[in-house]
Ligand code: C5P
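In structure tokens, the next block holds one chain alone, the form predicted on its own.
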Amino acid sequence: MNLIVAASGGVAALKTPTLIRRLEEAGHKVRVAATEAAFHFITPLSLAVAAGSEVFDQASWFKADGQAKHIDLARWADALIVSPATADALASAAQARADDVISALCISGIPKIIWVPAMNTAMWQHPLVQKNVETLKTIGHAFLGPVSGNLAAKGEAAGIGRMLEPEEIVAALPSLFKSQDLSGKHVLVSAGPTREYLDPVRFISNPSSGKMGYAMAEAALARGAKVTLITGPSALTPPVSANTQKVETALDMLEALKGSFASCDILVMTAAVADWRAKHVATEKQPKMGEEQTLELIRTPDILSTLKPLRSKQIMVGFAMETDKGVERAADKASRKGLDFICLNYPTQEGTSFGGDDNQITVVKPNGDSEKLARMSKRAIADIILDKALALKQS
């Protein structure tokens, strides 16, 4: 896409060059604009170097060259991203003042305008600021953030108003351009591993990174769904707009899923849930004892089998990891657990191991019918899974 990144006058403008670079790394063409106030925090040179082109600012806007530069730039762009967006920038745009480059661009015909607010909590929550936000939303402008976190002012308590990080903005961007075919639907996703503790510092787990589940959540959000993400321990940053609940054990995950299952339309169970847990969990760290030690294990709850009797309208999708007789075993699992289909993958297959960005799945139905997909990114697979689940939902 052709994107204009515009910085207004807030300290978060320090992040604008990084945002430009991350957008370019994602394959977008980027040009940059900035208000005069932005130059209190960032230099024109740093923005120009990041974008590889001249900054559209007050000085270049009024060059005596006969060009309407804001109109020319607007015709080139698919979207304008105002990052950071200050209270002043929002007010100028809401009132169509066109007295700076950002508010002028906002009324110059750019198809999509996206605001990434950054300001003090009191300012963001002020009724006049919120009135301007609602005015802009009413005419189709989109907002990413703000989020809760540490604010710029020294000694200021953490609160809502912090700008999204550049990487989060890039990740959230596709959701603003996707077909909203899941609007009004609630998608429930489980992700990551679980941990079954032996004592306070040791546990049984697996190498699941959570990438498949987080990709599912991102894909569903991009298509307009309300998303609840139940995640085991993961180093990944959850999608900003998801209702994320962090859990550790299989029992924790079951309880969290039960809490949202009744209201969901689609359940996608990607989590790698531990099959076994310690029969007795020690309350103190256990010392080493000899060369061998025997653990007494019992089964963890079977989450899908527990949810099956509670099912009403939900489409249920599972994942199966096998190394032998995959389709046969996956079909049996789908049948026993009441799944509409199950996604079979092989952890020993090249390029599809735990923690990777790609996967290759075979979609297996309870009757044994199967469809093997090509190796692709987990994000692309997520959209295929949602396509199939939505088709079943609408049938």
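Numbering starts at 1 and runs along the sequence shown. These numbers come from a predicted model, not from an experiment.
Below, we turn to the form predicted in complex with this ligand, even though it does not appear here.
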Note: exactly one of Gly224, Gly159, Pro200, Pro301 sits with a heavy atom within 4.5 Å of this ligand in the predicted bound form, namely Pro301
Exactly one residue in Val101, Met119, Ala271, Leu229 has a non-hydrogen atom within 4.5 Å of this ligand in the predicted bound form; which is it?
Ala271
In the predicted bound form, is there a heavy atom of this ligand that lies within 4.5 Å of any heavy atom of His28, even though the partner is absent here?
no
Indicate whether this ligand has at least one heavy atom within 4.5 Å of a heavy atom of Phe319 in the predicted bound form.
yes
For Lys69, is any heavy atom within 4.5 Å of this ligand in the predicted bound form, or not?
no
Is there any non-hydrogen atom of Asp275 lying within 4.5 Å of this ligand in the predicted bound form?
yes
In the predicted bound form, which of the stretches 303-311, 167-175, 136-144, 283-291 has residues with heavy atoms within 4.5 Å of this ligand?
303-311
If you apply a 4.5 angstroms heavy atom cut-off, which residues in 323-338 are near this ligand in the predicted bound form?
Lys333, Lys337
